[in-house]
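Next comes just one chain, in structure tokens: the form predicted on its own.
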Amino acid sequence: MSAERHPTLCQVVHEVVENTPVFDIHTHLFDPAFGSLVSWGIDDLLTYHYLIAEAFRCSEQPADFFWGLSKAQQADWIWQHLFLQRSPISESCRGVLTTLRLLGIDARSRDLPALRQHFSKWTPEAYTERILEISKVRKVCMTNLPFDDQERPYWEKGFNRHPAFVAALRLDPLLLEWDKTAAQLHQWGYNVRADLSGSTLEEVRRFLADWATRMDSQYCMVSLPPEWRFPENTITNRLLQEAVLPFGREHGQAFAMMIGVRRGVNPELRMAGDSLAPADVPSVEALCAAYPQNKFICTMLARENQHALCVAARKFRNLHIFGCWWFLNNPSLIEEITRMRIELLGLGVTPQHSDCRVLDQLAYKWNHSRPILAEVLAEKYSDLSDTGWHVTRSEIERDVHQLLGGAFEQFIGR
């Protein structure tokens, strides 16, 4: 509709959205200095948990058979079931093919061993630069977990950081597995107790400050289950109120919540066996109201939550909502949610983040998301033009920069 009414305006919007560098505010990627922890290449793309879950629907093989295969064999199996025995029409399959196209790799031969040869030519460092280039991503926010025994040594030893990769301090074990985490913190020299008595909360704040400084974290974050409620009297909420939020106020760290994952509903699929459920938006509103000096970032996994979360963000200026992740990362849902957010919140939102675990996914997720954002914006600018208010190209560039990470940077004070 907008293209027919204002074709030049529509073209400008699409050009600007296509060429504006993005700050991807939440991923599971690693700086290339993390070596073997970095996931990239065709086998990692094919064995991503999105495709594992999809492939199991197409086979009667027991799960133990699949998990007993090497990664290359798993990729072969998924390629056979999802790309050769049926058309790869799902968004996850399309993403693999889009990535290959953007890399200049012709997949029409459908020859997986030949595709592997293209990736064998790259070093991880050079490949990182190539993916950032074709994705037009200027900055990537990682998810960094000091409790992970594989990741922690890199931070303790130190490494030469890639300028495009920034950190976010993840707190899931601290907030959701306190009995286990308390013992770990005590072993690391923090005077904490499982019952939160004594100097425990002060020591947790010290731990957070130590790691936020070490990582130079942009914000701290947690993935909460849909059952989370605030202000219930729980260990999670006590740690949040008396340790995490005071730390955030003192050190200028926003608190990000990704709410709605139901872990392990099908355990035999491992990471691919997670699901979702609607979360409680009033709990987020109560948290924002109780702590107006803290900044909160939130995304929810269930489609059913999106309208109420938008309304919550209208009421609390210390709440910034973002992203269409995991089960929402489908074009029809991204379009619906992006349109809703812009209609309710204007430019005060971050419509998308990639949630990537495999470096290559930066290429396809942003390639698929940008045209959706451009189409929504073109329609809204056309509506605006019909009122007699005409925007300039520089104003469109300003607005798109805001939506692709600029508004988020302003919100967190970075």
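The numbering used is simple: start at 1 and walk along the sequence shown. The shown structure was predicted, so the numbers you read here are calculated from the model rather than taken from an experiment.
Below, we turn to the form predicted in complex with a small molecule, even though it does not appear here.
S.K.: Just to confirm the contact call: exactly one of 158-166, 129-137, 145-153, 320-328 touches the small molecule in the predicted complex at a 4.5 Å heavy atom cutoff, so which is it?
M.R.: Among the candidates, contact is made by 320-328.
S.K.: So in the predicted complex, is the small molecule close enough to Ala75 to count as touching (4.5 Å, heavy atoms)?
M.R.: Flag for Ala75 set to no.
S.K.: In the predicted complex, is there a heavy atom of the small molecule that lies within 4.5 Å of any heavy atom of Arg357, even though the partner is absent here?
M.R.: Yes, Arg357 lies within 4.5 Å of the small molecule in the predicted complex.
S.K.: Within a 4.5 Å heavy atom cut-off, is Arg249 in contact with the small molecule in the predicted complex?
M.R.: Judged by the heavy-atom cut-off of 4.5 Å, Arg249 is well away from the small molecule in the predicted complex.
S.K.: Can you check whether Ser223 is within 4.5 Å of the small molecule in the predicted complex, heavy atom basis?
M.R.: Looking in the predicted complex, residue contacts with the small molecule include Ser223, since a heavy atom lies within 4.5 Å.
S.K.: Would you kindly say which of Arg86, Arg108, Arg314, Arg263 lies with a heavy atom within 4.5 Å of the small molecule in the predicted complex?
M.R.: In short, Arg263.
S.K.: Since exactly one of Trp40, Phe66, Tyr381, Tyr48 fits, which has a heavy atom within 4.5 Å of the small molecule in the predicted complex?
M.R.: Looking at the other structure, the residue within range turns out to be Tyr48.
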